[in-house]
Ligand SMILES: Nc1ncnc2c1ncn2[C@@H]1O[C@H](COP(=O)(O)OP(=O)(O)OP(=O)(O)O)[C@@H](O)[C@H]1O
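In structure tokens, the next block holds one chain alone, the form predicted alone.
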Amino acid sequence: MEVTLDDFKNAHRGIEPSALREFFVEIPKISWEDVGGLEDVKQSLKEAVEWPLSQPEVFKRMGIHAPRGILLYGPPGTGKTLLAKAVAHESKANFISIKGPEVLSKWVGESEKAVRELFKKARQVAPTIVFLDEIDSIAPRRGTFEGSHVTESVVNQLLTSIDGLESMEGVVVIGATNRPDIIDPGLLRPGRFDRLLLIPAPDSVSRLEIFKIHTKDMPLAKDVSLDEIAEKTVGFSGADIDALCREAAMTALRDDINVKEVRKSHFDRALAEARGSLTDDVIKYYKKVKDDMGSSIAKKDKKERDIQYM
């Protein structure tokens, strides 16, 4: 965010800097090769994001509109942000990343203004992927909060920005959340978030790929079997595996600061202290959420849908 001299003057008067903030635009360097496993999710993202942005004429030829939004949901550490960056890189699209709480302000109208400016900037630099991390914090189910109406106003502004009168050509919105069940249902209908993709716990094959990615620059001893370690790490997310590899290397350095390679014993000691974050209860919870939500909210009872879409 750019701060002017007037902002400093206003700070002394208790006035917050303007919501006309400069959002950071980048083209990520993360590619599909940096994402282990998740082949089905990658293919869905290619179809929903990469194809419309890199080959828009294909959709025009078929007489259809590209999806406007995709919601990535699943347990923490399973690679939602990584996937969003990878698809932006492969699409050669600009990438604007915003964490939900960053657009919230205690000043009246500033939060809604920030959302408007976000999408205005995205349209200016299209093709663009707008990544809304922790989207549940700015778009919770309306009618569930008492007191301030700021949250509901932000949800309304978000709905209008995605599905309003202004063209969203060349702009795709990707949301990420660990709590899809509390997101306002109005966002989850076709025309807003067209696809709801569960990012699952990695299986043994995916875990092996993730281990290979995180150890590609690590000097491993001949007695290290990544296949064996992958089989032992049931319930580990991608973030857990990254932490395990880092801890194994740190264990080696603690033994000898001049060590030349990481051995099996170092991984064994790191494993003895590590715990996977994806318990059976967590996995069951997200499977239930997937069953309840389906690929879109259209599976819900019609009367319930009519109320939620208002």
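Quick note: we count residues from 1 along the sequence shown, nothing fancier. Keep in mind that what you see is a predicted model, and the values were worked out from it rather than measured.
Keep in mind that the form predicted together with this ligand is missing from the display, and what follows is about it.
Residues of just one listed stretch (224-232, 111-119, 78-86, 153-161) have heavy atoms within 4.5 Å of this ligand in the predicted bound form: 78-86.
The listed set Ala126, Val205, Ile213, Leu104 contains one residue whose heavy atoms approach this ligand in the predicted bound form to within 4.5 Å, identified as Ile213. With the partner omitted here, the residue from Val35, Ile70, Leu53, Val262 that has a non-hydrogen atom within 4.5 angstroms of this ligand in the predicted bound form is Val35. None of the heavy atoms of Met218 is located within 4.5 Å of this ligand in the predicted bound form. Contact annotation for Asp268: none of its heavy atoms lies within 4.5 Å of this ligand in the predicted bound form. For the chain shown alone, Gly175 is not a contact residue for this ligand in the predicted bound form, no non-hydrogen atom being within 4.5 angstroms.
Although the partner is absent here, Glu247 is not a contact residue: none of its heavy atoms lies within 4.5 angstroms of this ligand in the predicted bound form. Taking a 4.5 Å heavy atom cutoff to this ligand in the predicted bound form, the contacting residues in 216-245 are Gly238, Ala239, Asp242.
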